[in-house]
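Form predicted on its own, single chain, as structure tokens, below.
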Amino acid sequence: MNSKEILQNHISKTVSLTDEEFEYFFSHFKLQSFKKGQTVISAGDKVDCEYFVISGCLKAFFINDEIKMYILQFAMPTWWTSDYDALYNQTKATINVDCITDVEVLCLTNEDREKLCNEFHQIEHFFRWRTNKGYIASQKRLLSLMNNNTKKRYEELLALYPQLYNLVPKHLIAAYLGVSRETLSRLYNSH
């Protein structure tokens, strides 16, 4: 499938658009390609886009004052990513987004998203639904971090996203789980 078909398939799981409406919606996206290791958003940047992943995998992460990386999200095909605080509040980015693999994304500006939402109830409904799903996933992850030990969090991640384990280096999975690479190795080898 090409990028247009992938987005159309993704949207159609939530809302119905006529072909003409979808063509108009799609016309607001810009296809971009990034190479493995390339930065999409750096802390301190102005952020004016969110990205719909067509192929590849990105990571959204924060580096604290002690230079420790915390991964907030892996973004795989049909996932969306950005620094949403910076995007919606028009502040400087506090997180980074870069490419774990070569990546193709569709970029939608905040201005165009707002315009589309004002013009089409169905588009507004889609973005509200997507935001709600993202909030629920964040809440579940936070509760898991507060409630579960490393082994349980590792098992949850493996069950939800088994493809990550062939796609993402283990040190990044460890950073996502908030543990050392060595701790993850012990868990990984026990499966």
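Please read all numbers here as calculations on a predicted model, not as lab measurements. When you see a residue number, it is the position in the sequence shown, counting from 1.
There is another form of the same protein, the form predicted together with a further copy of the same chain; it is not shown, and what comes next is about it.
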> When a further copy of the same chain is placed as it is in the model of the complex, which of 51-59, 157-165, 143-151, 29-37 ends up with heavy atoms within 4.5 Å of it?
Replying inline: 143-151
>> Please identify the residue among 93, 72, 100, 107 with any heavy atom within 4.5 Å of a further copy of the same chain in the model of the complex.
In response: 72
> Applying a 4.5 Å heavy atom distance criterion, does residue 118 contact a further copy of the same chain in the model of the complex?
Replying inline: yes
> With a 4.5 Å heavy atom cut-off, would you call residue 112 a contact of a further copy of the same chain in the model of the complex?
Replying inline: no
> With the partner left out of view, is residue 178 within 4.5 angstroms of a further copy of the same chain in the model of the complex by any non-hydrogen atom?
Replying inline: yes
> Could you tell me if residue 46 has a non-hydrogen atom within 4.5 Å of a further copy of the same chain in the model of the complex?
Replying inline: no
> Which residues within 110-139 place at least one heavy atom within 4.5 Å of a further copy of the same chain in the model of the complex?
Replying inline: 113, 114, 117, 118, 120, 121, 124, 125, 127, 128, 129, 131, 132, 134, 135, 136, 138, 139
